[in-house]
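Coming up is one lone chain in structure tokens, specifically the form predicted on its own.
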């Protein structure tokens, strides 16, 4: 999952003035990264490569690890104290890549200090905590961005474009297998570790105009960790769309395959096949009603279409670079990022519903409107 959390002395900093609206849009955003463990190095690497960011600090409770990450000759400063980062007025934005249990407290401190915030998934450890973060950022006019990285991959962007253009017809289902051997987490179950990817993707490509009705989750704990290592998550929408996710830390092979079925075409996304990540199939099922003799019921005739397959060309590009571009672009322009705090809240609501479902014998948990129109 994530890297180590930064430590601080707990003192409250004076609130930083709101960002100057006259700041030139071409100026790079002064940035700090908190967490140099698992995901933090990826953010650091992309922030160093992006012209729109000026990386000032890397903060981690293991200062030696942060120093190794930036390199001995780097001008980027390292610290184990978040107060030192927030005391630097050149830091406009902070990316948080620490364990999920620390996201809320760290993000809230950065927001209080007047900084824009990017938070690794999941946004927080609860919906209530995430809502506090969203409201605090909105009150101060700050950008709170949730790092739903898969939504920025060329593959997911292409699938969303196909759906929005009506190329698939009416979306019928989303079926995903996300399994591998490890990384078994001690702090969270397989749902909180892996499901945010698929929930955020479903929200991103299929969420427009649909109401999520129920969430059902079934999990198993064969290792006796006290939480699920194998899980099955099902989302049912008001228009009949069904999304199903198979999650597993104990698979002998790594599989990252998703099928999105439509009434006209179907898409297969294999994230482990770089040469052909997305395949669009001219395949489907056609139904025709047959009139029978008076007094008999009408019936429907099923016919199958097995057409050609097209593999659209995708421009390979690291998704995290797109995340940072979207974040910094929103900071400079005042626009809404693609996966903002509200997108993070929608994911948290599904995760909490999944927990409730498992606690109640894997019964469906009913929801009101959860996935809002884009």
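The structure presented is a predicted model; accordingly, all values stated were derived computationally and were not measured. Numbering follows the first chain given and starts at 1.
Keep in mind that the form predicted together with a small molecule is missing from the display, and what follows is about it.
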query	finding
Among the candidates 251, 102, 216, 270, the residue which, in the predicted bound form, approaches the small molecule to within 4.5 Å (heavy atoms)	102
Contact segment among 302-310, 343-351, 328-336, 56-64, judged by heavy atoms lying within 4.5 Å of the small molecule in the predicted bound form	56-64
Touches the small molecule in the predicted bound form: residue 106 (any heavy atom, 4.5 Å)	yes
4.5 Å heavy atom contact, residue 36 to the small molecule in the predicted bound form	yes
Contact flag, residue 284 vs the small molecule in the predicted bound form, heavy atom cut 4.5 Å	no
Close approach of residue 198 to the small molecule in the predicted bound form, 4.5 Å, heavy atom	no
